[in-house]
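The form predicted alone is given below as one chain in structure tokens.
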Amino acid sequence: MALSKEHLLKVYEDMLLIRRFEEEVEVYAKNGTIPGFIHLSIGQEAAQAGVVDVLKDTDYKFPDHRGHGAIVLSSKAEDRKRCMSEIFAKASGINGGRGGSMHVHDLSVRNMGFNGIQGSTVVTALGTAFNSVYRKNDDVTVVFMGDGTLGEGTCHESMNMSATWKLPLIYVLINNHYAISTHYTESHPQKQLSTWGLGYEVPSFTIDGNDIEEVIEVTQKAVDRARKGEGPTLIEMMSYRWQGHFSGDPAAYRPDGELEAWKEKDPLKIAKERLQEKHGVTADEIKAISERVEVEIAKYVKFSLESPVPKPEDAVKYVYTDREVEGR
């Protein structure tokens, strides 16, 4: 799919926003300002930006533990700074500082969040997908996962049920080649992990996850199919995470030259060159986008740094939805 100049400019800016958002998060994770582990998706921006671009606000999104990009782009514009302050564990965070990096959710835009149980969201996503069928609307559910998650038995159970019931569910498998430190070829016999879906008669595709136009094209077809009641789709998006498994992981398990080779396939570089070569976008136009993103990210960081930390006495709030819990 060849996007219009305006559309490609928009998603290029989306990808740049993700990149700069995570680069700033990494700075403050490394200097100790942000607590806990941080998992970054730098190098995988097209796989998130392209999918979110296709979706409606009422579609359900289940990010994975490397899902900052999908979370930010799904959020309302005025709430994006609250996504960052959530990662900073501040009271102004979209979840009051309780969620942190891996557990950001926002039901107002149907970002259903992630949790620490690998492979669980491919099961809970069945519930929202079934809800759309039950209520007879055309909302779809997208669940993001990695190549490591595909080894969980829950993926088989989920695909079997979604295919049998023809649920409007899209499995976005971002294959960044490593499950922590294990290359996917060492834990799966298939060269293309998308073949897993074929046994359940789920249409399955392996695409270039760094090509924003290809991501949008294939995702749009899957979403259209789901909205028409034709069932789930599995899309394997080949990409690569530039950082280690978590911020601070030296990634010594990667062979020499591999990272450098993948940086040549940078999704932002691909989109930028296409804008310049096919649409005649000038260096000044690209610079203007960069400057706009920098201003936006600076606002997020300032808001996060200046926001207060949660009050200790509020730690027991929201344990249950229907009653208060007293602290000790």
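Because the structure is a prediction, the values reported are computed rather than measured. Counting begins at 1, following the sequence as shown.
Another form, the form predicted in complex with a small molecule, is not on view; read the next lines as being about it.
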Distance check, G99 to the small molecule in the model of the complex, heavy atom within 4.5 Å: no
D249 within 4.5 Å of the small molecule in the model of the complex, heavy atoms: no
Partner proximity in the model of the complex: H245 to the small molecule, non-hydrogen atom cutoff 4.5 Å: yes
4.5 Å heavy atom contact, C83 and the small molecule in the model of the complex: no
Selected contact from G231, G93, G146, G197, since only one has a non-hydrogen atom within 4.5 angstroms of the small molecule in the model of the complex: G146
One residue of P255, G116, G127, G153 in contact with the small molecule, assessed in the model of the complex (non-hydrogen atom, 4.5 angstroms): G116
Contact test, all of H65, N176 and I180, partner the small molecule in the model of the complex, heavy atom 4.5 Å: yes
Answer range among 217-225, 117-125, 155-163, 70-78 for contact with the small molecule, defined in the model of the complex as heavy atoms within 4.5 Å: 117-125
